[in-house]
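A lone chain, given as structure tokens: the form predicted on its own.
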Amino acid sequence: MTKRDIRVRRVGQRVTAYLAYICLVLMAGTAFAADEPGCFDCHDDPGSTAHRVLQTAHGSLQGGGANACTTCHGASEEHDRRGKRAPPEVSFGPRWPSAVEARNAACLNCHESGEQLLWAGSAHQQENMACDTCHDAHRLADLALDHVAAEDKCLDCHTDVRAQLHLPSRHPIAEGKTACRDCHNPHGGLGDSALRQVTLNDNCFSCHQEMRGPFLWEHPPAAEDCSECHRPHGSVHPRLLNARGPALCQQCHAAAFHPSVPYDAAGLPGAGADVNLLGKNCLNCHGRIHGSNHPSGARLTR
């Protein structure tokens, strides 16, 4: 056998091996395509909701493509049969809405840690709310990152809070400087009102650290519960106060170190000019209302 014949045989062997490799790849692709659900055979509109999920993180589940659909909607073999109108095993749409438990379970299969850890037993879970009440798995922008959309979702139900956020004294949520989720975890919390911290004070102190203390001279209501004096969402009084001073102070200090004389509108300009009803009233002297570390601050005056 000549050298030329040897070279021809080697080239033929390489071509045969390459063609065999191509056949294996094509066969594997055909098998994969046969195993893949036929969701996009019917949902073939590129602008549809079904296709929009491919632009999100959910579109890469189980390798992407139609396999991502069955990750959340189940195998849905009856639904996949042509000519039948059987619903998917788990449907989030208005046409075939599945039970709340089934829809939530589809989400919690992956989202079972982090902020979702406290979902079981939370206020929203007890109200029989579904994840898709607030979230859209096919939405490109994450609701948690969209400030305006997130606040609108919360305030659609919490209409009393929406009204309070338009009062003269309020947290700057409308300006985008704070958000509902800064204080609340909508998926649940260890304390009341789905707060991120166990207690209300710890929640407030996460921003207002200068009020935390410890102080040499404590003001017991301030150390116990911020809501004794403040309304967290909004108030008609300055500094989110529950009432105007000195009326707020006199709810507790009726006869402590001062004559037990209740202040009312008679001391306001037009009827009088009582110094305790003008300006900061009680705070004219007791300025360290949350607590004092001054040796002479027993009365919270310095």
Ligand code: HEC
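In this text, residue numbers run from 1 along the sequence as written. This is a predicted model, so every value here is computed, not measured.
Another form, the form predicted together with the named molecule, is not on view; read the next lines as being about it.
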* residue 75 within 4.5 Å of the named molecule in the model of the complex, heavy atoms -> yes
* is_contact(residue 292, the named molecule) in the model of the complex, heavy atom dist at most 4.5 Å -> no
* Would residue 101 show up as a contact with the named molecule in the model of the complex if we use heavy atoms at 4.5 Å? -> no
* Would residue 214 sit within 4.5 Å of the named molecule in the model of the complex, counting heavy atoms only? -> no
* Asked: Mind listing which residues of 127-142 have a heavy atom within 4.5 Å of the named molecule in the model of the complex?
  -> 127, 129, 130, 131, 132, 133, 134, 135, 136, 137, 138, 142
